[in-house]
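This document starts with two versions of one protein chain, written out as structure tokens and named structure 1 and structure 2.
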Structure 1
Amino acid sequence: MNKIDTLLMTNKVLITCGTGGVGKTTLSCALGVRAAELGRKTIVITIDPAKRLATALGLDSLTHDATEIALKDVPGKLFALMPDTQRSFEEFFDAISPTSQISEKIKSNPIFQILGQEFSGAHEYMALQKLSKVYNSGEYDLIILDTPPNRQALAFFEAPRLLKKFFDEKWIRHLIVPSSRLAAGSIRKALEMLEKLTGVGFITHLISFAASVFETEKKFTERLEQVIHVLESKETGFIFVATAKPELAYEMNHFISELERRGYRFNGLIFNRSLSKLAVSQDLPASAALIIQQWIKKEELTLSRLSSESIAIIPECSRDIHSIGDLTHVARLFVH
């Protein structure tokens, strides 16, 4: 069994990472197709804002709920989804709130709407919650998570720990659960002055929202712990996708080392869009042959600078991937 098939059969979660424009989303889909060919019930989750997953699957769009992808003559099944941030937020607070009244109070607060629509990282964090929910459901043999480009991904993976610190911040606790009337009064006076600058009602909504969220603290923390558990699990592997970009080798190495430093299990590197395995025809014009040779040299230089050996090298395809047939072709390239 080759290295890719081994990973698909032994992991419960595979998380694909990489810089933008390297074909990461396409390879995530192809990994899902290959897993289905191996008999696994697989789901691919994407948080790619460009919505390339739907395009690669030959669909107009993906929804918050799992959509089955029709595959012919394979023993497994393939599903895909793209979490809706607002709906994920609503489902999340419905699940962790002690009462429906508290849940409605949180969801009706204007701050909630800001978090769901404009807050940086909210979309990514809710995708992690979706990952955790799908993981804990036990419905799938394999979950493949397609992440944003790697500069955002490091912050993305740190989100659970950062959110966990929210409940440990002393100034927030003094505001919501004051240790003394004097402390509470001083903080509120400062906030009243701030509200004159930010607009009437903003600070009031913020305090109300924070107070409501604190009522969910126990279950909120439990959900955060579940996400961290999934990311650190021995059943979860990380794959980095790269192309011939020697100038980005340092960044790639840094990202891989940061994954390992955080306790995540790095499974290897897939080198995509390679020309090194393609037979160069003697009928090619000299200029075309020179371009190919120069590209192959870039590949060799990139691979020499990377701290990780590749577990698969995928050749450049002659056209963009827009159908299940195209993805099946790419999936077979993992085997050879």
Structure 2
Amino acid sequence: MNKIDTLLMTNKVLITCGTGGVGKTTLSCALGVRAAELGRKTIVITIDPAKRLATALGLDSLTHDATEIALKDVPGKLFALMPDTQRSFEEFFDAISPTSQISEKIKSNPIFQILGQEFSGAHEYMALQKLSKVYNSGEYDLIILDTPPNRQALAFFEAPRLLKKFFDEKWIRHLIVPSSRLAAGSIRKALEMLEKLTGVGFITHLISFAASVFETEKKFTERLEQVIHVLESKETGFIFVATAKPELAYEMNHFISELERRGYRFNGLIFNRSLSKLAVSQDLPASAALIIQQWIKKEELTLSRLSSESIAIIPECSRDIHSIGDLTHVARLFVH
């Protein structure tokens, strides 16, 4: 059995990482098609499918729930899901708030709206929450998680830690639950001054928001631990998707050591958009042929440094991959 099939058959969770634009979403969906071909009941949690791919997957109406993708003559099943961050946030606080009043207080706070849209870790964290929820449902043999677009491949792992920091930060706790009357008085004075600078309401909203969120601390931490449990599981693996570039070996080593530091498992590199099999036509102008040959050389050099990590090489396809047929085509390329 080839490396990709072995992973699809033995893992319960596969997480595709890599910088933006390398083909994570495309390959996550193609891996899903391959897993269904192998008989697995699979779900792909994708964050940002290109418009036409989303349409092909039936995800363009932002249903937020799993949609089955009709595949012909395959023994398994394939589902896709695109979490809506704002809605996931609402559901999340509904689930972890001790009372519905607290949850309403959080959701109606203007800071909540800003966090859902602007906070850079929100998409990452909500994707992880969705992963944990789908994982705990036990409904699928395999979950493939496509990570959100980010220039930094590792930003994804920072989200849980960043959120946990919120509860650990002494100054935030101090601000909300001052240790003495004197401290409370001084803090109020300082805040009144700040409010003058930031505009009426902002600081008040911020404090009120933080205080409500603190009420969810116990369950929030429990959820965070569930997420970390899934990420640390022996049945969860991380795949790095990349295209040729000189600094790839360095990036990969950094990625692998960061995974190891956190106790996560590295499952290998998928090298995408390879030009190595491109036939250089005789009709091409000499200058164009030279550029392509140089590119292929650069790619060979990159790959020679990473041969032990590489689990698949996917060639550059002649057009964008945006239909089920295209995904099936790429799924075949994993095998041959």
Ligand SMILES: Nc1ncnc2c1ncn2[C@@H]1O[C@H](COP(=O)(O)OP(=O)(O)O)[C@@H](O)[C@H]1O
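Residues are numbered by position in structure 1's sequence, first residue being 1. Because the structure is predicted, anything quoted here is derived from the model rather than measured. Here the rigid core means the biggest group of C-alpha atoms that line up within 1.5 Å when the two forms are laid on top of each other.
- Assignment of forms: the chain in structure 1 is the form predicted alone, the chain in structure 2 is not.
- Comparing the forms between structures 1 and 2, the C-alpha position of residue 305 differs by 2 angstroms or more, with the core used for superposition.
- Once the rigid core is used as the reference frame, the Cα position of residue 296 differs between structures 1 and 2 by 2 Å or more.
- When the core is overlaid, the C-alpha of residue 20 ends up 2.7 Å from its other position between structures 1 and 2.
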